[in-house]
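The chain that follows stands alone, in the form predicted on its own, written as structure tokens.
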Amino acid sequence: MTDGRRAHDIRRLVRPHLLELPGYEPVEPVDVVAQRLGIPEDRIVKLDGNENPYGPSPKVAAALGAFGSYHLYPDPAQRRLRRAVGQYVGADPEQIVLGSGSDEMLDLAAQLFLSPGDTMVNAPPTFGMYDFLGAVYNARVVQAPRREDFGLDLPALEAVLRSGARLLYLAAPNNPTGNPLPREQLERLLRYDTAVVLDEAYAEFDGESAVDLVAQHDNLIVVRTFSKWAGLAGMRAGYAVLPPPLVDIVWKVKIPYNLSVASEQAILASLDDRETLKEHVRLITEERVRLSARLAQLPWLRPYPSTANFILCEVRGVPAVHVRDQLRKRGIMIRYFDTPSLRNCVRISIGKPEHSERLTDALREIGAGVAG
């Protein structure tokens, strides 16, 4: 080569299964979408990422501005944070570990339990990160599809658990369907010799949590986040509540400085302003009810019940991708699904009332065009 570099087939050294990995498809940021559509950023209605439209507590910006030690590493033991989070969720701080979003905690569980060829159980349709992690760690991923109402198929799940599965991911409420997980079903699944990771990313909107069960079940890990209810999606702040036998192992495996000092300050400020954030949650849950009723008035949409900060809708008589694309032209971003377990559906994050107005006005326009 003319530049002096030697040509090596570096891909030959990559773990073979990663070469064909499909990857996880994230949502695009507002500035990229706005530039592509030729629309000002402030005209984009972003309802595709389940973000909090009210943003973080005002105390977060104040805390970040007042903090003067960005040049120093964070506390590797996360002492203040674990005390604050433990008080918030009612758990022993010694059983809490924080990381870069709940995604890191989900990945940490895969590191703990999955070797190549081990069985991981998934219950689609659900959060795509679970399948992604199973593929990254070269696990044998067994699918136990949900029922038509998106509830768990317990006999199918239990059959896989009895066969020696090492890890099961469950979301409560489930993403993207929005339905809750009955506590008695979780406890039934915890009887098996399988690690169960319960993803409670949307628990604050549902009002239910299984954190208290961690003290009773050594095979349960509860993962939570500040991305949704606290409006810190961009800060990447999540945590896990661990059973005591796993605590020492996790601290040995976890990267020491995995949470930035900025995220630390944002978490502490958020927990110091819970009343403001609870009000945001109240506004979102009220808007969820209002928007669901308005969507149900459109004969070609079927909104499913949700206890999260989004609504899944089946699109009837027209391709859901057409609806997604038509909304996109109007600067309104939603998520589209078309998989074996989720045919012709869209997921709509809950925004502010004015966002719902733009959305429903646009949907009526699209519906009129379809009918015409």
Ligand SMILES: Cc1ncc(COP(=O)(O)O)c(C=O)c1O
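The structure displayed is predicted, hence computed values, not measured ones. Note that residue numbering begins at 1 and tracks the sequence as displayed.
The form predicted in complex with the ligand is left out here; the points below concern that form.
Under a 4.5 angstroms non-hydrogen atom cutoff, the ligand in the model of the complex has R236 among its neighbouring residues. Mapping the unseen interface onto this chain, D131 falls outside it, with no heavy atom inside 4.5 Å of the ligand in the model of the complex.
Proximity of F113 to the ligand in the model of the complex: non-hydrogen atoms within 4.5 Å are absent; the residue sits far from the partner. None of the heavy atoms of V121 is located within 4.5 Å of the ligand in the model of the complex. Segments offered: 136 to 144, 284 to 292, 222 to 230, 73 to 81. Contacting the ligand in the model of the complex at heavy atom distances within 4.5 Å is 222 to 230. This chain is displayed alone, yet in the model of the complex one of V160, L106, A91, A210 has a heavy atom within 4.5 Å of the ligand; that residue is L106.
Here is the short version: of S263, S270, S102, T177, the single residue with a heavy atom within 4.5 Å of the ligand in the model of the complex is S102. For the partner-free chain shown, D199, A201, Y202 of 187 to 220 come within 4.5 angstroms of the ligand in the model of the complex, judged by any non-hydrogen atom.
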